[in-house]
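Consider the single chain below, provided in structure tokens and representing the form predicted on its own.
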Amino acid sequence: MNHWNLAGKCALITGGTKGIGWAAAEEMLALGAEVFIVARQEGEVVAQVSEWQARGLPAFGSAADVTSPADRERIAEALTRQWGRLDVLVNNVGMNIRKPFAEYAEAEIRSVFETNLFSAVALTQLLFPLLQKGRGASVINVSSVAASVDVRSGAPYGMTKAAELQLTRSLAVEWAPFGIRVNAVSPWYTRTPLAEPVLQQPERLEAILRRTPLGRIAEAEEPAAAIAFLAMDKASYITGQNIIVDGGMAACGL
């Protein structure tokens, strides 16, 4: 098992102070990676990086809004100064506005797309030169089971996550000659700040659990483990794939 690690890897994780992004950072640091996180709230980034560094872990970070072109440029510049390359990019930032489709304002739909999809598209494109310099480089997009089936999360959210999966497949083929793997992880309902408003509704929670063969909500560490695996060199022949972390939901018929 000595080779099941991320020693020597340099990873960027967006949305790295909470939920699955935070859990992925914890997992990668434990496996020997150096990790750079970004999130919008400066205080949260500073506090989390300081906590990791106090534990002797090679963690770094910067407050940034990935929907901002200027902030994306700052991220790229910081990574260039820090490492001069990038081995792992985890596109994890996400948000949602839940309501019936006919009730969405155009600005709300655009906001979901800007955060969940367009920011990841632009950041991935911007960081391509650093990924080319990476060692066994890979991109991991955090999608959702909402990309494939309706889970009452709202149409715009599902649309952005489906587009992320197609981006994953397309880039896996296009960037294979450069030695860059591109994969996705699609969680089912997971205990995160984004999902908490739904999980606090007893009827919704009961319906989710009834649909889940394992009979429980995922913890953030569980999709994070799949993310970390895809970043490993042990996953070197896996690209263009989507690992569904759903407690058996997608396989459940009657």
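When you see a residue number, it is the position in the sequence shown, counting from 1. Given the structure is predicted, the values throughout are model-derived calculations rather than measurements.
A second form of this protein, the form predicted together with a small molecule, is not displayed here; the remarks below concern that form.
A single residue from the set Leu57, Val66, Ala226, Leu31 has any heavy atom within 4.5 angstroms of the small molecule in the model of the complex; that residue is Val66. Annotated contact segment (heavy atom within 4.5 Å of the small molecule in the model of the complex): 157-165, selected among 170-178, 122-130, 157-165, 102-110. In the model of the complex, Leu86 stays away from the small molecule, with no heavy atom inside 4.5 Å. The closest non-hydrogen atom of Val35 lies beyond 4.5 Å of the small molecule in the model of the complex. Interface residue remark: Ser143 is counted as part of the site for the small molecule in the model of the complex, having a heavy atom within 4.5 Å. Although the partner is absent here, Pro187 lies within 4.5 Å of the small molecule in the model of the complex, judged by heavy atoms. The three residues Gln41, Asn92 and Pro193 all sit with a heavy atom within 4.5 Å of the small molecule in the model of the complex.
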